[in-house]
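First, one chain by itself: the form predicted on its own, in structure tokens.
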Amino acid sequence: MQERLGSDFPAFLRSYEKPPEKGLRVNTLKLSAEEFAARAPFPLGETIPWEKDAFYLSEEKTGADVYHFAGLYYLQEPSAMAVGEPAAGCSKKRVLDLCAAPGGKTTQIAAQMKGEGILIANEVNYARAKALSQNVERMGITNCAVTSALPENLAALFPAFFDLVLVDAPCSGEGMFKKEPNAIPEWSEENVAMCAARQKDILDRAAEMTATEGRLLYSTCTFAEEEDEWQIEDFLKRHPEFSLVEMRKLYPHICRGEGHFCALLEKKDGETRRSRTFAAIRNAQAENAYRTFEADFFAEPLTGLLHTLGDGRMYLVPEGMPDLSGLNLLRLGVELGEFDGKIFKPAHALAMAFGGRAKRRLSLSREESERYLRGETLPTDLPNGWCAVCVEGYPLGLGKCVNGTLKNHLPKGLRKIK
């Protein structure tokens, strides 16, 4: 780094004497940044220069706030949001986030898509994919499928398919040294070389999945040239069908962030996109039970394909979703609920995505919401039946009103520890 930065190196070193920068990105699928700033229960700093819907943050425990449970914001390291600008214009498109966990960039792109188009969020590590799926659910994203697959398996199914492929590659993590101190002893020149080799393979598979005139967005949280500039230089030699649109590198002594690299590439030549059409599994009995619930719960029916699995779980799949059969699938659109052979029981995901449209909504104060998040029952004057439980109008989950009492149906794994 001293050789690379020259006279800037002392400033680079001094940046590590400061605490890590924190950021909060507003979920604009639910409210605007201005609306959140007006109601934020903790102080917000300046707007992050490369993400207009995000703020610097000084608070430590904002992840425990009820608004976080409601999916109103995502906590994200500021420089990691730098992919937002080059990914702009992805609405109504087919998008793949190839290395997506825990979901910061997935949810950032989903907000830009505004529910239009199709987003596939993939994570090869299944445990991390589960955390990704939970964040997709919490943020109320309706047009996303979450998969856990190797890049080569996806590439075999989706040649020249996606308008945008994001590769937030696993890397040596030099930009994580302040945020994750364990990254320091794990660093070595051998690890940099190993990461660069793995990134090369991932990028080659990503190139195969990028449609002609589509874009490939590559990012890392490291400063190693082997994984950044040299990686892109080698990629362009292997793939002359791509050209470099822009490249940027954020250093912690120059910007308020821990550091990030991203490069946007465009594919000019290649094979024609091959479409794989999703075929919904229909179950007349399950669909009738759901439609009965839907007529009681919503003022207007939801739009999309009803898809029922063999175990009775039902999903609302957006139009244009590709066939994902053969993949390890964690989430497909929005899980509506489960049909047990007699009745339909709604899922938490339904509330997070569509609870604002429910006819019966119990809107709680922040203090009352804390009780709901702890799994408590609450008094209510709503008529009997399922209702969406909200904090100041924003869905937190489901409840069932029974003779003046709200029975708590927040999943136990999502409840707040007392």
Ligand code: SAM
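Computed from a predicted structure; not experimentally measured. Residue indices: 1-based, along the sequence shown.
Note that the form predicted together with ligand SAM isn't included here; everything after this is about it.
- Taking a 4.5 Å heavy atom cutoff to ligand SAM in the predicted bound form, the contact residue among E137, D163, D168, D228 is D168.
- Among the residues C144, V95, A100, L336, the one placing a heavy atom within 4.5 Å of ligand SAM in the predicted bound form is A100.
- Of the candidate stretches 236-244, 194-202, 285-293, 305-313, only 194-202 has residues with heavy atoms within 4.5 Å of ligand SAM in the predicted bound form.
- In the predicted bound form, none of the heavy atoms of K130 sits within 4.5 Å of a heavy atom of ligand SAM.
- Put simply, E258 is far from ligand SAM in the predicted bound form: not one heavy atom of it is within 4.5 Å.
- Though the partner is left out of this view, A263 does not reach within 4.5 Å of ligand SAM in the predicted bound form, counting heavy atoms only.
- The shortest heavy atom separation between K267 and ligand SAM in the predicted bound form exceeds 4.5 Å.
- With contact defined as any non-hydrogen atom lying within 4.5 angstroms of ligand SAM in the predicted bound form, the contacting residues in 102-125 are P102, G103, G104, K105, E123, V124, N125, given in sequence order.
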